[in-house]
Structure formats: structure tokens, C-alpha cells
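To begin, one chain is listed below as C-alpha cells, in the form predicted on its own.
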């Protein structure tokens, strides 16, 4: 097995909307989700955001409406037979133009959204081709961390298990640390994957807050396959330890916790025992009896356990 590399993993670029990662080359009209300075297709420094393109298209569309009203006003003035009708036509035209400008100023944002939608439909194949090219660029990187960073940007827009699998393999080639901006639920696969299970096990040690409902459900679904892995029981115990940080998780996955409570380190079992003991009216199933047995066998004389008293509110840790 190759030795894992200790490389800095940079945080992802945050955007409010997924499409904000897309840029288009004004020269060759190809799309990219990467942060390159020049278009990788034509080599020109002509990349601009899709929002900017849609904004300009919306302004052109609104300008066309304004020019139409102006043209109609001029026609009305030119063909008015009397000075009075000329004045009326001119005044009406100015009023309509003024009103249209006010309406357009308020409608610009919605018109921009319409132009964005048109762009995505019209350029669907071009966008897909650009993202596939981005994936090829990401895969060609010699630096695993850089390859993962590029693929992570594209994966926000293209979601499939093949890309997730590659991302997991890249992450598993790195030394993972708590200070890294890691993710888990966006990487969950439909089927069992030992590399994903190992990744979940690592996160249970360094960033257990990333383990949430979908991950618990994945682990329980493939529990037997994970248990058959080398160090599989440690992975399952780590996931169980992550569950005890919230009372809701303990209650929802009580049966799973009952199977691995004995493998929990003292601090995690202390948390579990406190939740179960201080909420006796909840339906803990086999977990309540198992927690009591472990307490009697290992911790009944431990001073940390003597301070547990019934109370109504259990806070997350």
C-alpha cells in the first residue's frame, strides 16, 4: 500500500448558488467550473461568469423593449397632423418611456434569471463538454490534493458515483487532519465501497460532526460488509461514538449502538450512559439494558459516572 501524503488541502470556493461556479469564454463560448486564468480551449483570457453573461443579455433584451417604445413614439410624432397631436404623442411617449425605465429597473433581476435558464437549456451540451474537460484536467494532475480540489469543484455540478469514487480514492491517498475542509454526505455511494467505509472510519476519529443521518443509514445498511473488513469493528465503533454526540441520534439508532456500546472509549460511553440514564421514559430498547451491564462491569466505581443525575435537557457535545 502506498504511503499517504501529507499535503495541504485548500478549502473549496463557496458560492450561494451552484451555477455561480460556471464561467464561459467570450471568445470560444466554452464553459468551465475551474478557476483558471485563461480558457483551456482557446487560450484567451476571456472567461466571465454566467451571471455576468445573463445580466448583459437581460439588459440587451430590456433595451430592445425601450427602443421599440421610442420608435413608436417617433412614428406617432412624425405622422401627427397637428401640433396638438404632436405634443400629445410626445408627452405620452415620454411618460411610457419613464414608466418602462422604472419597471425595467425592478424587473432586471427576474429577467436575468430568465436569461440564465435559457442559457442552461441552449448550451446544455456545451456545458457538459466543458465539465468533462474539467474532469480530465483534474485527473491529469500529478498532485493528488490538487486533483481532488479541482474534481471537488466540478462534482458540485456533475453528481455521479464514479466521480464520488475517484474523490474518495484521492482523499484516501492523503493524510487527513481535523483542520481540513472535508466533506462526507456528498460523497456517499449507492453501493458498498470499502474505501468509503475506511474514509468514514477516519472521519469518526477526526471530524465526527460530519457523520449524520445519511451516513448512519449507509453504515447500518452495509454493517455486515464493514464488519468483515480489516479493522471493520473499529470503524463501526467509531461511527457509534459519533452517534452519541446527539440524543436524537442515540434514540434513532439505539439498536446499532447496543451492538457497539461495549467498544466505545470511556468518554463516549459516559456520554451514552448519561443520555440513557437521564431520559428513562424514552424507548431505548436493548440499549438501556446493555448500557446498564457495561456500567456494572466496567464503570460502577468510576467517579465520573457518580455525578450523573436525571435532567430534562441534554446538550450536544
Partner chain sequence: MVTYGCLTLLFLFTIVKSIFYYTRKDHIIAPEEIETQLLQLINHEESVP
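Every value quoted in this text rests on a predicted model; they were computed, and no experiment measured them. Rigid core here is just the name for the largest C-alpha set that superposes within 1.5 Å across the two forms. Positions refer to the first chain, counted from 1.
Just so you know, the form predicted in complex with its partner chain exists too; it's not on screen, but the next bit is about it.
For its partner chain in the predicted bound form, the listed stretch (193-201, 210-218, 172-180, 87-95) containing residues with heavy atoms inside 4.5 Å is 87-95. Of the residues given (189, 229, 107, 206), 107 alone sits with a heavy atom within 4.5 Å of its partner chain in the predicted bound form. Its partner chain in the predicted bound form is approached by residue 18, whose closest heavy atom lies within 4.5 angstroms of it.
Of the heavy atoms in residue 22, some are within 4.5 Å of its partner chain in the predicted bound form. Taking non-hydrogen atoms only, residue 28 never approaches its partner chain to within 4.5 angstroms in the predicted bound form. The closest heavy atom approach of residue 65 to its partner chain in the predicted bound form falls within 4.5 Å.
Contacts between 23-47 and its partner chain, taken as any heavy atom within 4.5 Å in the predicted bound form, involve no residue at all. Core-superposed comparison between this form and the one not shown: CA of residue 215 displaced by less than 2 Å. Core-superposed comparison between this form and the one not shown: the C-alpha position of residue 189 differs by less than 2 Å.
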